[in-house]
Ligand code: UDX
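Encoded as structure tokens, the following chain is the form predicted alone, with no partner shown.
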Amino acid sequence: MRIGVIGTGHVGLITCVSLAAIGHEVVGGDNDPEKIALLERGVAPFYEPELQPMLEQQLKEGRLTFTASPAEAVKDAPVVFICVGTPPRVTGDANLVAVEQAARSVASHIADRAVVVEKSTVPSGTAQRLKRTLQRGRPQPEEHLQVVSNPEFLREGKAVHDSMHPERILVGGEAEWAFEAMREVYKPLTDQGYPLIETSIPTAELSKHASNAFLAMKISFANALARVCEKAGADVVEVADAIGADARIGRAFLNAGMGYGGSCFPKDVQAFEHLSRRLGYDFRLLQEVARINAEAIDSTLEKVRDALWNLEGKTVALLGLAFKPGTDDVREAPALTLGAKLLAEGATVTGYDPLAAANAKDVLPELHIAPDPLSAAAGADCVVICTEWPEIRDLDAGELKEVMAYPVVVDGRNAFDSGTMADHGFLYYPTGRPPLL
């Protein structure tokens, strides 16, 4: 099947590569000529495990091509995916301008009988507006043009794996022939036993926001629990293990830390809350989820203040700058939010990350970048563990202490063992666990 994909960002490029890998002829379109030139040379514009070799392979085998022309991207394609960004507005609502522009740009070029797939994360009701926009550009009868919702459930750092081994494939539609087209798209995966769930369009649209909001809620619950554990002298990791053993709760996403970040959870929680309010329901639980997430960073900052007293003239090292391991994404990264607060209070801030250092420097120019963890910690009054990369988890405590001005560690991810830190004489502030003072 020939498939057109509009947008080659994180979701769009993963969609292009994975659909080509399961046997389709895929054309990826984007209005950024520089990005297209990069992709045509086989260079991924961002880091994602497994993506680069798969991109090179699909280009080599001829199943994947790229173009800056919307007409070329959708020409003769019975299925067209829209995978453009939906960043938050100042109000918190999802900005759907790129979705509308994508629909308008392809409307007059789509095949005589086509299914347009809403892959971007959008609020409920977007598919109907998308269909209206397409019909204005090229009026067609219902039996010739259908819009379906097919939200992505990709984890950054594991996106290629999630595409090739999906826990579920969700498709919301109206017409049977549109469902049949989507069954054909995903047949190579469903033949392997991966489940395809078919629903109405509003159900599919709502499911993506609901999924991300629920996962964010679990993280915020763990972080609120950490505050209680710190006051009670309990261990949040052991509490999470105990409650996570209950099959109704589960252990995943119950790790206390510095809060969630990235391109999805912050904006999707906010967008879902705004959508609910617009529909007439005040989903105040989601407001509290976001508040607790911000509180997690403030709690880490308070520990640095407690350890160093005044921050003016002090040097703080941030180990890990990406919002989580396995990615170079620093969007809404807790480390950079903390870094900005430390700089505002007069501290000198040095950072290290194996992949995200350049991106972090672009966001926070005052940040000093070090080539390795020990160089970042050299001469520091305090080290803060912000992202639990293996390179950071595996640091030798003795070597770390030797290079620091003072042996003070604030562990925002519980990456280190308290006993080891005690043996080496650190002033150690874990998260949701008793400190070593």
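From 1 onward, residues are counted along the sequence shown. This one's a predicted model, so the numbers in the text were calculated from it and none came from an experiment.
Not on display, but discussed next: the form predicted together with the named molecule.
This chain lacks the partner; the member of D235, E156, E118, E273 within 4.5 angstroms of the named molecule in the predicted complex by a non-hydrogen atom is E156.
Put simply, of V122, L170, I219, A77 only one has a heavy atom within 4.5 Å of the named molecule in the predicted complex, and it is I219. The named molecule in the predicted complex comes within 4.5 Å of no heavy atom belonging to T86. Residue contact with the named molecule in the predicted complex: C264 places a heavy atom within 4.5 Å of it. Contact check for Y260: a non-hydrogen atom falls within 4.5 Å of the named molecule in the predicted complex. Using a 4.5 angstroms threshold between heavy atoms, V97 stays clear of the named molecule in the predicted complex.
Stretch 320 to 328 is the answer when you ask which of 320 to 328, 305 to 313, 352 to 360, 177 to 185 has residues with heavy atoms within 4.5 Å of the named molecule in the predicted complex.
Proximity to the named molecule in the predicted complex holds for all of E152, N212 and N255, with the criterion being a heavy atom within 4.5 Å.
Counting a residue when any of its non-hydrogen atoms is within 4.5 Å of the named molecule in the predicted complex, there are no hits in 160 to 189.
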